[in-house]
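Shown next as structure tokens: one chain only, the form predicted on its own.
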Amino acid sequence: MQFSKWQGLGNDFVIVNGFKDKVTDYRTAAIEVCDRHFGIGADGLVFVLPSETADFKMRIFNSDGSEAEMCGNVTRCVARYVYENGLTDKTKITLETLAGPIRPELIFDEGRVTDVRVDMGLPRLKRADIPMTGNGDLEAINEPVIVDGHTYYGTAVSMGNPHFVIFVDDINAVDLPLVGPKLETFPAFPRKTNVEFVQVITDKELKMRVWERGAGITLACGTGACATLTAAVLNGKTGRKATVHLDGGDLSIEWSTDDHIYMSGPATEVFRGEYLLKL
């Protein structure tokens, strides 16, 4: 199986051209390929496939084998991958995902791709859309959740995948490896959730750390950064455009006047090769 390894702010993925290479068991393939000791090593395995409704279909599998509805960092990587590997000559494409159509656009400077800007669509706030237990027609803003006797106040946002955004005074005081998995699997989230801890720096700057559903701690999460800005606006902490500082680097996020969330950031190919083990 031919592959290309990409990263978006340290959130890394193995991308496979599904037009050419076929895999029968995506879950097992993701677990084996993403293993950092016995495989290639990645946060996820991604297949670029034909689509009847978009330019390409994108299927994303986390390192634990679960399938993700959407991933912002993957979207940027795939947009560059299909363009630079000659699968399209378009600089603005549509990707079919489980979360609906996503539209990335390549940004050029002096003829070279520097960033990818992605129309991430509308944030979804009702409990039924997260999903989160309770009245499905209501939002969960600054909602208390008790874990091990400690109350966390979070805001639930779906960017096609679930997020629970918690604002804290000191992000470095959060024991993310301990509390992250407990919040991910909290009973209020029937399909689990991504968890973001966020420290407000200014009304235009946020610092975020993430525990990703199905992957654990990662250096960056694009949908999480989008959910973070949404939650910050809803809680009156920032304006509608801010820089989100992640462990792997920065993303520019804007909640535009059309109510869509726009994310801009880098995507980099690391290496390419052939996976020799049987899948």
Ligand code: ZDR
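So that there is no doubt, residue numbering starts at 1 and follows the sequence shown. Source: prediction; values computed, not measured.
Quick note: we don't show the form predicted together with the ligand, though the next part is all about it.
Student: Is the ligand close enough to 206, 243 and 248 in the predicted bound form that each of the three has a heavy atom within 4.5 Å of it?
Tutor: No, because 206, 243 and 248 lack any heavy atom that approaches the ligand to within 4.5 Å in the predicted bound form.
Student: Of these, 165-173, 127-135, 71-79, 150-158, which stretch puts a heavy atom within 4.5 angstroms of the ligand in the predicted bound form?
Tutor: In the other structure, the partner sits against 71-79.
Student: If you check in the predicted bound form, is residue 229 within 4.5 Å of the ligand, heavy atoms only?
Tutor: Residue-level check for residue 229: no, no contact with the ligand.
Student: Flag residue 194 as yes or no: does it have a non-hydrogen atom within 4.5 angstroms of any non-hydrogen atom of the ligand in the predicted bound form?
Tutor: Taking the distances in the predicted bound form, the answer for residue 194 is yes, it comes within 4.5 Å of the ligand.
Student: May I ask you to check whether residue 238 falls inside a 4.5 Å heavy atom distance of the ligand in the predicted bound form?
Tutor: The answer is no: residue 238 has no heavy atom within 4.5 Å of the ligand.
Student: Would residue 220 sit within 4.5 Å of the ligand in the predicted bound form, counting heavy atoms only?
Tutor: Heavy-atom contact with the ligand at 4.5 Å: present for residue 220.
Student: Does any residue in 4-38 get within 4.5 Å of the ligand in the predicted bound form, counting heavy atoms only, and if so which ones?
Tutor: Heavy-atom contacts within 4.5 Å come from 11, 13.
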